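First, one chain by itself: the form predicted alone, in C-alpha cells.
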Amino acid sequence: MKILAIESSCDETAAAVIEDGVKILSNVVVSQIDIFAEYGGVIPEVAARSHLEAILPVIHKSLKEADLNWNSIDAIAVTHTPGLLGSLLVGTLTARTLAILHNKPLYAVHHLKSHIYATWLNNEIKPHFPLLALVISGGHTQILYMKEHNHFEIIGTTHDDAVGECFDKVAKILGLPYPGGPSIATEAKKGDENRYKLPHPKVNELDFSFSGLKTAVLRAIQKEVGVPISYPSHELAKLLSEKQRSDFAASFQKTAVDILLEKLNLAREKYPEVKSLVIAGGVSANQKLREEALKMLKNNSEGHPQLLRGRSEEPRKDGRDERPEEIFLTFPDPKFSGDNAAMVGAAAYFEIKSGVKPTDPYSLNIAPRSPIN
C-alpha cells in the first residue's frame, strides 16, 4: 500500500510517499525556521501564508522523487489535529481537494500518533507491545501507554508549558537563537551542568510542569548578574558572560532531561509489563537525553539498548503480567524526530491495518487542540 502523506501542523510544509508503513519512497520537508529565527518563534499567520506557497510544489516533488503518479497512490493521509489553525487548514484543504479529484480514500491523522510511529521508520529494532511512549516537542509533553496498534492511553501530561516550549523560552532569555533546543544543546557542550541547581517541579504521579523551571532559570540569572526580578528578561543576555551562558544552558538542559526521565522511569515501574520504551517528538533528537536514557536502561547489547531483567517467582497482586526479561528503548532516526510527512504516512498505515475507516473529504474539519484517542 502506497500512501501520500501531508504534514502542515506548524512551520514545516511536508509531503511523503510511504509504502506499507515503513518504506520511505520520498520525504520532502520545507522548513520555515529561517523565517522565524529573526522573531524567536512562530508567527501563525506568516506560517499559514508560507504553507500556501509551498504545499503544491512539495507534493509534486514528493511524487516525482517516488517516481509515481496518482494512479499508483492508494490513499492520502493528512495531519488534522493538533496544531496552528491556519497551518492545519492549508494541509487539510489540500488533502481533501486531492482526495476528491483523484478519488482516493482520505485518512485524518493525529499529530502525536505520527511522532510515535516515526519510530517505525528506518529503525532496525521495531517497538514491541505493550509500550510506553514519551512524546516531547514544542507543543506537547505526554506519556502514553499502548497495548497494541492504534490504542492510546494518556497516563501523563504537562499542566502548562511543553518541554520544547521551555527550551525555546530559556534560549531566548540566554540570547540564543531559535529554535531553542539545538541552540541550548550546542551551548551546553561548553558549560558545567552542575554549576546551577535548578528545582524539579512537584506535580502528581506522571504529569509534568515546565513553567516553574523556566521561571527558576529566569530568577537564577537575575540573581547571578545582580539585578532585581523586575529587570526585563530580554535584556539579561547582554549581562551574562560566555561562561555563565554556557553553564546556565548546561544546567537547564540537565534538569529538563532529568525531569523527563524520572517520569518515564516512574511510568516503567507502574507498568512493568511493557516491552518497549519509545521517546519521540522534536526534543527526542537531544543527544543528552538519548545518552542519559541509555544509561538509565543500561545498554547491555551492541547497538541495541535493552535492560535484561529476571522474572519474579511470586505472582503479582495487581494482576498485571510479570516484567519482560528485556525491554527495548527506541528513538526515531534524528531526521524523523521533527515534523515530517513520512511519520504521518506510517501512522495512517497502521490505522488502516487496525480497521480505521476513511474520512469523508467533504466533511473533514480541523481541531487545533485535541487529545489523542
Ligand SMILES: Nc1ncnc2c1ncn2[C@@H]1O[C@H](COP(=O)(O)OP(=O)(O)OP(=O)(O)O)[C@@H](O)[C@H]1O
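Keep in mind that this is a model prediction, so the values were computed, not measured. A residue's number is simply how far along the shown sequence it sits, counting from 1.
Not on display, but discussed next: the form predicted together with this ligand.
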Candidate spot C10, G164 and G282, all three touching this ligand in the predicted bound form (heavy atom, 4.5 Å):
yes
Look at the stretches 236 to 244, 220 to 228, 70 to 78, 134 to 142 and give the one with heavy atoms within 4.5 Å of this ligand in the predicted bound form.
134 to 142
Mark E187 yes when one of its heavy atoms lies within 4.5 Å of a heavy atom of this ligand in the predicted bound form, and no otherwise.
no
Just checking whether G91 would be counted as a contact of this ligand in the predicted bound form - the rule being heavy atoms within 4.5 angstroms.
no
Contact flag, H115 vs this ligand in the predicted bound form, heavy atom cut 4.5 Å:
yes
Contact label in the predicted bound form: P182 to this ligand, heavy atom within 4.5 Å
yes
Across 337 to 368, the residues having a non-hydrogen atom within 4.5 Å of this ligand in the predicted bound form turn out to be S337, G338, D339
